[in-house]
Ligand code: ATP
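Presented as C-alpha cells, the chain that follows is alone, the form predicted alone.
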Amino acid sequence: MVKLHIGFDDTDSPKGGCTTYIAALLVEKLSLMGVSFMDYPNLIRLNPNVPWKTRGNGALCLRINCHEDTVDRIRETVVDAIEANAELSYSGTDPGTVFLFDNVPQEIKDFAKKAEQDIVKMEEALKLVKRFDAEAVGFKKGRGIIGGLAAIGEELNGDHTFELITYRTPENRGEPRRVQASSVKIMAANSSLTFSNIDPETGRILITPRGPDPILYGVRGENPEVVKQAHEIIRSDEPVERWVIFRTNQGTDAHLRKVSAVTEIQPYNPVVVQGVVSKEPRVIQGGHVIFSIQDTSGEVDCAAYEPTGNLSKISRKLNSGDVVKASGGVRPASSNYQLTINLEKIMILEVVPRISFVNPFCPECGKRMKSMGKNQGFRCEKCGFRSSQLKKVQVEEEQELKRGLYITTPRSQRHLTKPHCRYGREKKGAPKEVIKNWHSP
C-alpha cells in the first residue's frame, strides 16, 4: 500500500462548474476502485483577495491509501475527471492537479500557508513539485497547480470545520434552487453546532449559493456527525444527485496574518493590524464608511461597506483617538483611494472619553442657565441671576461605543471568516478515522 495525496484546483468559472463537485465524483470513482480514504476530502480556501480567483478560491485534496499497482489508473481517473468536468472553454480557467506520495514535507506546508495569506507564483509551486518528486498535470496555463499543491500542504492540523455539500442533478442546474426555507430554519434551531445558516438581519437563507454551479446547498458545522444530522432535517423539492462531507479551513480565519506595523501591509493580503483612529469616519455614496488608523510607521484607510451590517454601523461611531485592531483584505491604492483594508472584523480596544461642553448651573437656584450671547455670560430664567464670569462646563458623555469584537454580518462573511459562534470551539488534529456513510453515492 502507498499513501497518495491528490490536489487540484481552478476548474470552475463565473459561468458554472465547481471544483468540489469534481472531488465528489472522484470520491465515488476511487471508492469503487478499492482505495481507503485517510481523511475526508480537504476543502482548502486560499487567499480570498487574489485578483484572479473565481468565487470562493477553494482548492481540493484527496488523501488515500492504495495499492501501488493501481496508481497509474488512479492518476488517469483524476485527470480524466478534471478534463471532462472543468470549464475549459472559459479563458480564465486553468486547471491543475498534483500527485504527492508519502508524508507532506514542511516546505510544502509552508507554501500552503503562504497561499492562504499571500500571493504565490507558479515558479514556486513547480520548484517544490520537482524537489519532492511530485507529479503535476496542467491544463492550458495550469495555474491550478498552485492551488493543488497548497491543498496538499494544508493538512488541517490546526483549527478546522466540516461542510456537507449536496449537488443538483444536471437538468436542474441553472434553475432556481428549491430548498424549503422552513426546513432550514428548523435545522438551524436544532443544530447549535452548525453556523452561517441564516442571516439574522435579513432572514436570508445562506446555505444555498446563488450562482449557476451544481451545488444545491452546503451545511457548515463543527463535526461530521452534526452536518450529517442537519442534512437529514433539510427538505428540498428537487432531487439530490450526490453529497459529500468535507473537512475544511472555512470559518477559521486561516487567511488573516497579524502585522506589527502599518508599513508591513501589502496589497491583496488579508491582515490584522492595530492602530489609532486618525481620521474620523465619513459616509460615502452607497452608505459605505471610510476612516483611517495609524501607528508610528504610517496610516491606512479602513472601509466598512454597507452590506457588512452591524460592522458598518459600529464604524460610524468611532472617534479620533480610539484604539482598534482592524482585520480584512487589502485593496491596492488607486488614483482615487489610498491603500485600504476592506474590513471583515474590528476589535475595539480602547475608547477615548467623549467630551462635551454645557451651560453652567445657576449658583443661586441650581437651574441650568441660558447663554446671553457670545462672550456675554449667562442668565438664569428662573431666578434672574446673571454672570459674565461663568464658563461652559466640561462633561464626559456616556459611552455609546463599547469595547469588543465586531464582525461583518453572516450574509457578507467570506468563507474563511470566523463567526462569533466559533470562538472557543477551535480544535486541533486530524480525525483518527472517518465516520461511516460520509458520502453518497
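All values derive from a computational prediction rather than experimental measurement. In case it trips you up, residue 1 is the first one in the sequence shown, and so on.
Only in words, not in the display: the form predicted in complex with ligand ATP, which the text now covers.
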Exercise. Would P410 count as touching ligand ATP in the predicted complex under a 4.5 Å heavy atom rule?
Worked result: no
Exercise. In the predicted complex, does I146 have a heavy atom within 4.5 Å of ligand ATP?
Worked result: yes
Exercise. Given that the partner is absent here, does R379 sit within 4.5 Å of ligand ATP in the predicted complex, heavy atoms only?
Worked result: no
Exercise. Does C66 make contact with ligand ATP in the predicted complex, using a 4.5 Å heavy atom cut-off?
Worked result: no
For this session: May I ask whether D12, W52 and G56 all come within 4.5 angstroms of ligand ATP in the predicted complex, judged by heavy atoms?
Result: yes
Exercise. Which of 345 to 353, 247 to 255, 282 to 290, 117 to 125 has heavy atoms within 4.5 Å of ligand ATP in the predicted complex?
Worked result: 117 to 125
For this session: Could you list which residues of 21 to 47 come within 4.5 Å of ligand ATP in the predicted complex, counting heavy atoms only?
Result: L46, N47
